[in-house]
Each structure stands twice: as structure tokens, then as C-alpha cells.
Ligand code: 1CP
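As C-alpha cells, one chain now follows by itself in the form predicted alone.
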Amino acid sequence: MRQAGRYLPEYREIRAQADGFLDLCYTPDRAARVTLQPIERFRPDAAILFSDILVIPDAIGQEVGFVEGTGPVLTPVTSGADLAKFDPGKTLDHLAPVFETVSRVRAELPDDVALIGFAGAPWTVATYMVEGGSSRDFNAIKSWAVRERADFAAMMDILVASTTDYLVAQVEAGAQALQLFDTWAGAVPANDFDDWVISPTARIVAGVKARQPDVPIIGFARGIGDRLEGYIRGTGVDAVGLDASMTATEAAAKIQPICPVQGNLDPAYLMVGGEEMERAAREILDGLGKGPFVFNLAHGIHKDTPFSHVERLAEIVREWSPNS
């Protein structure tokens, strides 16, 4: 996850040339170059499109910015009147540069390297839209969703429609698999989990499959614990990303019989490197490698991770075999 980023010197060089983070995402030449950098350095089996989950609120008309040292800053949604200003019909035109990036990357990738497109799941994107940025307690969106359920449902409808169109267009441009990131799914109250996480995700999966039936969709709902099996069955995703809260033994027993899994080395091990990283990586490979499995991290690479650790991890994965 997050293959490209500040841990790579070549990324920092291109990032310095852009007029802000969104400019980098919307400049196909640079975004394609950044997407390809980890492929050239580490030779993984798939490339992950360089973009951001907040291009959707930006596309439909919300003011979105990124402040160095702070992260995303959005003009918060506070009412149904704010929602009325958004136009999901603008999504594809606004995000045309992203689709050009997908096409360029697919044209440059070797045939045996897949291209993964992605989007944020509606709940997680909505947290940023209502909170105005990152949050620790999500009180603003949870309170709004409970107090103004009709408005919240309308927001979900907007996000489902625009995200579905966005993902289908990525496939049309050359993406061969898709991933939906619900990073803050673990913050949802249990009684609202079906309505706020499962239902909107299921609608996106069904909408994409209706137009692109063969594209695999990976769901990543971070921090949901025992609700993961219900998430898989309820959303219809083809595979599921694992966070670091589940051991390989647990995943092999409970999740792999249902669908392929992706994960789940904690990024802290990658940052530390050495024997601890190698031991943790091999435990995952040995525990999950006999079933349908994609080795990955449990979340994104930290910006201070030495890229030599990523190189070593890639070697470990390539060298591993079920009989090693």
C-alpha cells in the first residue's frame, strides 16, 4: 500500500516540482512517473495508481487542500444545503487527468505487472468531508449522521454514484483490479455498521460489476475486527485487505476459506527492518502462502522508512516458497 511516497528520494524530487499535492495527482506525466517509480526500484507484481481518496470530494465541488505538516483540509459539510452545491455529474470530466495517468502507466508497465486502481469507500471519504480533515474521535460526522439521517443518506448516495463512475472509468483506462479503502471503518458504531459501511460499499461493488463484471475488487476496512467476515459477505468484494490486528493463523482459518486475502505486515516492522522484519514477514508468508494470498502491508509505508528495508522485504517475498 502507498507504494510511492516521501520515503523515496525520486518521489521527493518530483513532488518538489508540483504546485501542491493535488497538482501532482492531476498532472498525468508526473503522476505516471511517480506510480512507476516503485516498480522500477522494487519489482513488485502490481503497480498502485498514484492518486488520493479525496479527489472525489474535490471533483464534485468541495474545497479541498493539502497543508504540509497538517494533511488534508476541507471546507466542512454541515448541512443538506452544502450537499445541494455538489454535482456528481462533474466527476468524470474533473478526473480526466487521473484516467490519462492510468492509461500512461498501463502502456509503460510490463505485461506481467498488474495495475491496481482505487478509491476511498464512502464512509471514510465522508469523515473528511464533514470533519474538515483528519479526526481522532469522528464526533462531528457521527453526530451529524445520527441527527440528520436523511442528509447523511443523501451524502452516501452522492459518494456511491461518483465513486462507482470513477472506478469504472479507471478500468476503462487500463486498471486491472480495484481497491476500496475504508480506513476509518473501525470508528463506526456496531448498530450503524451495515448502513454506513456495508451497504454503500455493496452498492459500489454491484455498480462496478454491472459494467465491468470481470474486474476483481479488493475491500480494505481497517479496524473492524470480528465484523470482517460479515463485511466480505455483505459487500460482495472479491478479496479483502487485512490490517495488523489479525494473525496469519486466524486469517488462514477464518478468512481465506471465504476469499483471497491481502496483507498484513505492520509498517512498523518495515520501518525497523532487520531480523524482526524478516521474521514477521516469513510468519505471514508461511501462515497465508498456502492459500489465495497477496503479500502486502497492513497499512501505508511510513515516510521515514529506509527504502533499503523495502528492497529487502521484496527479496524475502520473491525468495519464499511453500517448502522453504
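Note that residue numbering begins at 1 and tracks the sequence as displayed. What you are looking at is a predicted structure, and each value in this text was computed from that prediction instead of being measured.
Only in words, not in the display: the form predicted together with the named molecule, which the text now covers.
Tell me, which of L297, A280, A59, I48 has a heavy atom within 4.5 angstroms of the named molecule in the predicted bound form?
That would be I48.
Residue (of F152, Y231, F118, F193) lying close to the named molecule in the predicted bound form, criterion heavy atoms within 4.5 Å
By the 4.5 Å heavy-atom cutoff, the listed residue in contact is F118.
Does every residue of Y26, D93 and Q170 put a non-hydrogen atom within 4.5 angstroms of the named molecule in the predicted bound form?
Verified in the predicted bound form; spot residues all out of contact, no.
Considering non-hydrogen atoms and a 4.5 Å limit, does the named molecule approach F181 in the predicted bound form?
Result yes; F181 sits at the interface with the named molecule in the predicted bound form.
Does the named molecule come within 4.5 Å of any heavy atom of F66 in the predicted bound form?
Although the named molecule is absent here, F66 would touch it in the predicted bound form, with heavy atoms inside 4.5 Å.
Quick check on R318: any heavy atom within 4.5 Å of the named molecule in the predicted bound form?
No, R318 is distant from the partner.
Taking any heavy atom pair closer than or equal to 4.5 Å as contact, tell me whether P88 reaches the named molecule in the predicted bound form.
Contact with the named molecule, no.
Within 4.5 Å, heavy atoms only, one stretch in 67-75, 162-170, 139-147, 103-111 touches the named molecule in the predicted bound form. Which?
This holds for exactly one stretch, 67-75.
Can you name the residues of 124-138 that have a heavy atom within 4.5 Å of the named molecule in the predicted bound form?
The stretch 124-138, when checked against the named molecule in the predicted bound form, contributes Y128, S134 at the 4.5 Å heavy-atom cut-off.
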